[in-house]
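We begin with a single chain expressed as structure tokens, specifically the form predicted alone.
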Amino acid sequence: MEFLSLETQAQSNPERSILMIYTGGTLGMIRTEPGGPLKPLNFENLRKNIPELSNLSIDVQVCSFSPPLDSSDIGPDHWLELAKLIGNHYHDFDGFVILHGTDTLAYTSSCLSFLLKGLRKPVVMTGAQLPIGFQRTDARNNIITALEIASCYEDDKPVVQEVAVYFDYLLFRGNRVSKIESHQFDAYSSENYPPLAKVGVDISFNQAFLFNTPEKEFSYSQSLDPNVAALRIYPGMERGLEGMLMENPPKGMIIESFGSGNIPNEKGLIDFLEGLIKKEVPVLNLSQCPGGEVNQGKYQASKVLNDIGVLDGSDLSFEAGLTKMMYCIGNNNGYENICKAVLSPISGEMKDNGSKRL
């Protein structure tokens, strides 16, 4: 990737230096013809539309994906690329900002929170609902504020020491967010964890909820196994399961169940899940509800899942659960070790329920 320096008010020895990574997304898109589809353009299109960048008192270096991508095209290989880029330059910068499309941003932020171990610097992700060239765009505020948050230090220590998502005046933990809106500016929600900061005239950090890693040294992983499938539970689904995935099962399975972890009392569905577990495919139960959590055994409709060995996903979001399964399979050997890793908090993505379901 090619690096370029932004012209800011920073002196030759600025207090803070930030690496801004541009992956693409709506914020850098334009219409190439009236009424045509939006397409991502290179970083120059962004820079000329944000004159406020020149007023910053921090040093900002920029590197860009080439070509920039719609976030619908970003996946596991790009997550590893981002982790490697941050890992290779971890000691060169005080913080990192990633500009990313909104559709898959929560997947990327979740996965990076697992790949970047011992993180003690801010990695702030943001995007926009309207392109930078639109009159009412939210891109300028999101980018400028993300840079400010990434450069916030107290007593020479970064205030944020985790992967976070800034959007529409709120800062969220990166592995706790989900996209909930496609037409409003408040695109993200974190139903099971409070915002890390609220932005108004001042940036007000929620200090009690910021993450501090127990790891002593920073490192980054380059191991993911994307051979994970997801199955959304729905009424009457038993008829569609005959023979599904049994000959060549995935290495991990996510089920999205009703409410607090319930499934229909259908023999075909239960046999299907038990068959996967007998093949040592870890099955993780997540709720379809954006808020609340799985509590297997609370109802008879979920007790059977405990009996056959399905993993209780607690308050994990779908994005965090899916990417965590990929991470745990890629970084652990053996079924029991993978299951234990999935149920153990890594970077504040879930409640610490221990391994009560093993």
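So that there is no doubt, residue numbering starts at 1 and follows the sequence shown. In this text, all values refer to a predicted model and were calculated from it rather than measured experimentally.
If you look for the form predicted in complex with a small molecule, you will not find it shown, but the lines that follow are about it.
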So in the predicted bound form, does Asp103 come within 4.5 Å of the small molecule, heavy atom to heavy atom? yes
In the predicted bound form, does Asp70 have a heavy atom within 4.5 Å of the small molecule? yes
Touches the small molecule in the predicted bound form: Ala128 (any heavy atom, 4.5 Å): yes
Wondering, does Ser64 line up within 4.5 Å of the small molecule in the predicted bound form on heavy atoms? no
Choose one stretch from 299-307, 285-293, 22-30, 48-56: the one whose residues place a heavy atom within 4.5 angstroms of the small molecule in the predicted bound form. 22-30
